[in-house]
Structure formats: C-alpha cells, structure tokens
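The chain that follows stands alone, in the form predicted alone, written as structure tokens.
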C-alpha cells in the first residue's frame, strides 16, 4: 500500500485541512500519515476558536520517523501558519524527498485578491521559496499574484494571461504549476483549472459549469483528492480531472442537502465516487 504524508492544521470542526485530507486520501486506498501543525477548535471563519501551535513538534516527529526509516510516496502541504513552519517544512522536504516520490504544495494564504489574516508579502515570498522544492503546486490566482509580485486580476483575463502566470510560477523551480479557480474570457460561465508542465511544455485545462454557490474548504477538497489521485497514478491530467469532478460533486451534494452546514461541503456524501 502506498503512503502519503499531509502536513497542515487540524480544525476540529469545520471540514477543512486535515479533517478533509485524511478521509479523502484514504478513500483512494492510500495509507495517510499526518503532521498536524496546529489544533483549532474550529476553522477561523467561526467567531470564536481556540488555537494550539504545534510548530515545535514538527521536527521531533520528523526525527522520530528518520530513526524508523519511514518513507512516503507523496508529501502534501496545506495551510502553514508561520514563516518558521515554512522553514521547517523546507528541511523536511530535503529529508524525505526521493527520486520516486512527489511533493505537492498548496500555498494556502489568500483569496479574492487579499491575503488571509496574519499573512503579509514576506510570507508570500517565503512560500514561493517553498514551492521551488515542489513537483506540483496548486495556487489560486490571488496566491499566484502575491508570490509573483504581479497585480491581481479578478476577471476579464484571457488564456495568454493564465499561461504567462503558469510559466512564471514554474520559473520559481517547480515542475508543474496548476492555477485553480480560473475562468478566462469566453468561458465566464465555467470554472476550472489550468496546468503547465515545464518539463514537457504541455498545457492542460479542465472546466466544469460554474455553480452559483461557494463554500469554505473546497480548495482543501480539491488538493486532497489531487494528492490521492496522483499517489495512485502518474496521470497528472487524469488526476486533475478527478479532483475537479469530486470537488464539484461535493458542492452539489451539499446543495442537495437542505440542512447542510454553512462552514463546509458535504464531501463525505461524495466519497463513493472516489471509492469506485
């Protein structure tokens, strides 16, 4: 059985980060190991939440694994809460990266043209350096703009603009860059992903009909399902299609449930799609 490591926080209630990554990656038949970077009572969209920083535990966990000769087929990072964590994870990459595994970085730090609370341009620059060590990165347009120091454009852009961003992202050192949540001219009623493989020079895009509803945590659902699909297959484009379709299905299942919670998607109802 293949083994994936995911590194991000635990929001005990909220359907994001590790509580999303663990079941989704496991649904692919992949053993899922975790490094929790923090424990929160809920995600930060709730009015009141507790926070326990676990930064000091990351190196201890890594050192213990080295003594046990534990290895991974995939390493996937999500929300990292500080520059110190980025630095520690960068060293962890060096320790556990092999010629046979891959690193997936979701540079979670902003959306809709703004960085999340607690992050600044310095953090974005450090995240860009972390992405240099990745095989695949999956930023949204906001995160790409901050890492590249380019103006954020919310709409009205064309595919050449997307391709230019992807080339600049790969110039950071990453092998394959994937922009999420793109909707270029001529496809305003669609939403999807656009990828560039710097080794082959190939582009790939995949879209689904844009849904009127939006929910917290869908980025984590996408990245987690992409990680699971890539761990079981070398087909990047097939994995991207699976991840997009699963994310859309999760949103659809949520909308169908009239009593759904506001704080996340009902991805659990969509898991049979992955189990197939």
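All of these numbers come straight from a predicted model, not from anything done at the bench. Numbering follows the first chain given and starts at 1.
Not pictured, yet referred to below: the form predicted in complex with a small molecule.
Partner contact region in the predicted bound form: 6 to 14, out of 251 to 259, 21 to 29, 6 to 14, 264 to 272, criterion any non-hydrogen atom within 4.5 Å of the small molecule.
Taking 35, 244, 54, 40 one by one, only a single residue has any non-hydrogen atom within 4.5 Å of the small molecule in the predicted bound form, and it is 40. The contact with the small molecule in the predicted bound form, taken as any heavy atom within 4.5 Å, belongs to 108 out of 108, 127, 166, 182. If you check the small molecule in the predicted bound form, you find no heavy atom from any of 72, 97 and 231 within 4.5 Å. Among heavy atoms of residue 44, some come within 4.5 Å of the small molecule in the predicted bound form. Mapping the unseen interface onto this chain, residue 146 falls outside it, with no heavy atom inside 4.5 Å of the small molecule in the predicted bound form. Proximity of residue 79 to the small molecule in the predicted bound form falls within the 4.5 Å heavy atom cutoff. Of the heavy atoms in residue 116, some are within 4.5 Å of the small molecule in the predicted bound form.
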